[in-house]
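The chain below stands alone and is given as structure tokens, in the form predicted on its own.
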Amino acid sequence: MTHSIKTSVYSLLLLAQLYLCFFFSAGFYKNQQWLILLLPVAIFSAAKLMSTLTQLIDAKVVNSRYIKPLVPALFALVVLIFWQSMTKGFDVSKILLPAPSEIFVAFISNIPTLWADFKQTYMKAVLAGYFIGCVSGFVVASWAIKSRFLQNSLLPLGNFVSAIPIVGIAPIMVMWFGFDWQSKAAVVVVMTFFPMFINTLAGLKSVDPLHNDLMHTYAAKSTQRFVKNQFPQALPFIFNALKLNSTMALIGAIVAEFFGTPIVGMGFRISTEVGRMNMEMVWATILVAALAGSISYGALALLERAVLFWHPSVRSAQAK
């Protein structure tokens, strides 16, 4: 059997399982048990297709850069097919685990509500808290690199604050700043300040002594040493903190909304819909949060590659 025929057969088996799980009536595995045999065959076919695509990428064929995203996309499709097949095939209760198709319908049917929640949680609380926490962490680290007193004082405090659970901070912030987005932004500031401070401080300390000697030889001023030597060397550490904080900020804002919020927001929606047993809406809100976190992280990763094109870590990754 030639390679192209094998690929066609694998694709047809995967499409057959896709048709089965999305277009057959609920409980089809209970009614016709032999159909479950097609599921492992479809997963095996998908694995073979992903292996073929990976070989094409390794061989660096024409347009391999466009083939590379197909591997994770196909893997995600297999996960969705497995999830849809098990929940719909065995007619699992929606309260325990809704099928992806039901979550998608809830997502499409409630776009205005989900958009209002997204604006309240992400565009107000997360972005404001993320900006204030990251900028203040960077500024304080820039001061602390010149002061042993600040370093010795703030590093133990950072470890102490990092150990405080968010469920303990959130009610206090709600009492201090009210029920609106400001209290959630305050929680995000607390969660993002110290990761940025510690990473920036570590990056500013990582400067090569030879570079310092060179700047000293040139009689560079302290501002010139910071801008041309310390800051560029600290950028990989700063981007690590930015990416870490992008997901922590969203988690912090959502959890904080469990302790008091106006009748809008992702955390409010999740807690309310769980009480109403409307689990499709809960999963649709989780989908929005996951998409927002992934897009934020991906955008920062792309920005890091664009800004740090000269850094050995980025150049070695691009060479692969």
Partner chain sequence: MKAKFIHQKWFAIVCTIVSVIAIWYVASIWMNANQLAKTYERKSQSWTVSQVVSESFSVKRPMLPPPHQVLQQWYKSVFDTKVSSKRSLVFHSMITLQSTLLGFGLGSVLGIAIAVGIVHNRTLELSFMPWVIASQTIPVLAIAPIIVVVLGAINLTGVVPKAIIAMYLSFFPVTIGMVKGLRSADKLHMELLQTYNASRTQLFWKLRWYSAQPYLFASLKIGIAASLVGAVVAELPTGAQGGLGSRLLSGSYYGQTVMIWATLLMAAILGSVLVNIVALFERILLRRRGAAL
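In this text the structure is predicted, and so the values were computed from the model without any measurement. Numbering follows the first chain given and starts at 1. For clarity, a rigid core is taken as the largest C-alpha set superposing within 1.5 Å between two forms.
The following text describes the form predicted in complex with the partner chain, which does not appear among the structures shown.
#### Entry: Contact stretch among 21 to 29, 6 to 14, 294 to 302, 307 to 315 - heavy atom within 4.5 Å of the partner chain in the predicted complex
Heavy-atom contact with the partner occurs in 294 to 302.
### Query
Among 116, 172, 235, 127, which has at least one heavy atom within 4.5 Å of the partner chain in the predicted complex?
It is 172 that has a heavy atom within 4.5 Å of the partner.
### Message
Going by heavy atom distances of 4.5 angstroms or less, which of 207, 145, 99, 250 would be at the interface with the partner chain in the predicted complex?
### Response
That would be 250.
### Message
Is it the case that residue 290, even though its partner is missing from this view, gets within 4.5 Å of the partner chain in the predicted complex, heavy atoms only?
### Response
Result yes; residue 290 sits at the interface with the partner chain in the predicted complex.
#### Entry: residue 71 within 4.5 Å of the partner chain in the predicted complex, heavy atoms
So residue 71 counts as contacting the partner chain.
### Query
Heavy atom to heavy atom, is residue 283 within 4.5 Å of the partner chain in the predicted complex?
Looking in the predicted complex, residue contacts with the partner chain include residue 283, since a heavy atom lies within 4.5 Å.
### Task
Considering only heavy atoms, tell me if residue 274 and the partner chain come within 4.5 Å of each other in the predicted complex.
Heavy-atom contact with the partner chain at 4.5 Å: present for residue 274.
### Query
in the predicted complex, which residues of 237 to 265 put a heavy atom within 4.5 Å of the partner chain?
Read in sequence order, the residues that approach the partner chain (within 4.5 Å, in the predicted complex) are 247, 250, 251, 254, 255, 258, 259.
### Query
Against the rigid core, is the Cα displacement of residue 286 between the shown form and the other one at least 2 Å?
It does not, since the residue 286 C-alpha is displaced less than 2 Å between the shown form and the other one after the core fit.
### Query
Is residue 56 among the residues whose Cα moves by 2 Å or more between the shown form and the other one after superposition of the rigid core?
Indeed, residue 56 is displaced by 2 Å or more.
#### Entry: Closer or farther in the predicted complex, the Cα atoms of residue 167 and residue 132, when the shift from this form is 3 Å or more
Nearer in the predicted complex, by 3 Å or more.
### Query
Which way does the C-alpha gap of residue 166 and residue 277 go in the predicted complex, closer or farther, given it changes by 3 angstroms or more?
More distant in the predicted complex, by 3 Å or more.
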